[in-house]
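Read on for two forms of one protein chain; each stands alone as structure tokens, with the labels structure 1 and structure 2.
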Structure 1
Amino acid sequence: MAEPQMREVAFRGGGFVLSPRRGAAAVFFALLLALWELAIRAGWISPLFLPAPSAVTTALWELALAGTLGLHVGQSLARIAAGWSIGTIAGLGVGFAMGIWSMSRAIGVPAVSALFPIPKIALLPLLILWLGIGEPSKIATIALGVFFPTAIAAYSGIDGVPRNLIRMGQSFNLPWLAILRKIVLPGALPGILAGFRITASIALILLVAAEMIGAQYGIGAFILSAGNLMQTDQLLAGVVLLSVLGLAIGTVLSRLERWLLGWR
């Protein structure tokens, strides 16, 4: 009787495994900008309504030479750093409390659910009355917008940690702090870091809105001034600055994820 022939079975476990595609994003943006420039030069779109990328680049260069670019970006960075840091620290504290202690959860979840849907920019006039039209009201607006998503992300991340892992740590008589540090925190980190990406975007949106209402310097104030004067090249230059700032924040968060979640 002949032995059955052995054949190699194809590996089927590679689904949903993401591999890096370096340069794909750069090629995409280069093609997009080339098409945009072509549309303007060919006369398909009026440069008054949509300036060419070359005009936007020139506007950015002139702003840099005049020294106003660094002033606007510096003011915005200081505001978003302060507001995001305050909101994140407070949100993590409240989120961890809601995830760990029963009383905090009983009080915090309804309170956060009731206050979270309120548009934070609608509170800016009230914050200006309380804190003045200076920096504190703008920072407080950003911090409020960051606080609630951070608290929800921390609470949901802790609540999603498998309870059997916590019970296993308790069965080995691990101290409470050790369980929190070695089991709960690593299990909740992916959800918390995902929340950071959301809060960074919210902080940028609130930053621009707050600067448009009451600021002399900042990217939002610059965009509003350019729009009022119909300087669309400078207006888009401000939009490009916001996009670059968002990309830079996303890059920092991606590296933070690789560093903190390398164990995965």
Structure 2
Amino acid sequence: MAEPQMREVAFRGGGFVLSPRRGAAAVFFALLLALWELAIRAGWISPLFLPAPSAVTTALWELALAGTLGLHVGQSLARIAAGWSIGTIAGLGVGFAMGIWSMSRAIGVPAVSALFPIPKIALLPLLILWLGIGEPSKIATIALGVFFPTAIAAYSGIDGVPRNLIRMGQSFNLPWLAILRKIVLPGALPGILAGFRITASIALILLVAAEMIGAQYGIGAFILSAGNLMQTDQLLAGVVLLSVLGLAIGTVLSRLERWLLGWR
């Protein structure tokens, strides 16, 4: 009998595994911007429809030269900071109550479901009647938008804390407050931080709505005004500012997550 022939077993794995490609995004966006610029310079697209990246950059530069860039960004940041903080603190308070006490849950869940979907822009006239056209109504618009998702994230986060950890705390006679502070709060933190990502974006989205209320400065007011005046280069410049702000806030949140949730 002949020696059986030896063959190598064919490799069938591979694929479906994603590996990081550093710099790919940067190159892609650079190419996209270059193509965009070229399309307008070459006259394929009318600048009336889409201003060139250079025009948007110029608009930003002029804004910086005029000294209003800082005013727009500063006032918007102040509104976001105040509105987001108020909405978050209130949302965490209500969310924690809903996560801990059955009564709060029984009342809170239908209340949140009923009030969350109300478009905040529709409430602007009411907010103006209650709070005027100064900063309070603008801050309240953002705070309202932030409040509900925070409350939901907080009570879902608490629901996600393993019950056995709470039982463990009780078995060691930990005081109620210590269980809350040392077990429930850190256990709910991943869910709460995920909620922060959403509410930070909501705050940015609502900035435009908030600055509809008699704002002279602010990125949202700037975008609104550019839209009304059909200044498309400035409109896009404002959008770029908003994106940069979103990116910056996202980066800060990522750092915060890495710092607070290093144990995961």
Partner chain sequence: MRKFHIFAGAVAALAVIGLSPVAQAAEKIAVGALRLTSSGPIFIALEKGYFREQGLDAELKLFTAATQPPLAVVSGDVDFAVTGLTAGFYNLAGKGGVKIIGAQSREESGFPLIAYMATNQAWDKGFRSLKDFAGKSVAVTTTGSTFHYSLGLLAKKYGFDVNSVTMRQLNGLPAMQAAFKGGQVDAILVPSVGARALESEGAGKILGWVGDETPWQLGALFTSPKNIAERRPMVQAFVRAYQKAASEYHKAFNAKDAAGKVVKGPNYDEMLALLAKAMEQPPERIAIGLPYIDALGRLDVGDIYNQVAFWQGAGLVDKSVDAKAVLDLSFVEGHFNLPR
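By rigid core we mean the largest C-alpha set that fits within 1.5 Å across both forms. Start at 1 and count along the sequence of structure 1; that gives the residue numbers used here. The structure presented is a predicted model; accordingly, all values stated were derived computationally and were not measured.
Visitor: Which number, 1 or 2, marks the form predicted alone?
Guide: Number 1 is right.
Visitor: Note yes or no: does the Cα of I213 move by 2 Å or more between the two structures after the core is superposed?
Guide: Yes; that C-alpha moves by at least 2 Å between the two structures.
Visitor: Once the two forms are fit on the core, has V27 moved its CA by at least 2 Å between the two structures?
Guide: Yes, the C-alpha position differs by at least 2 Å between the two structures.
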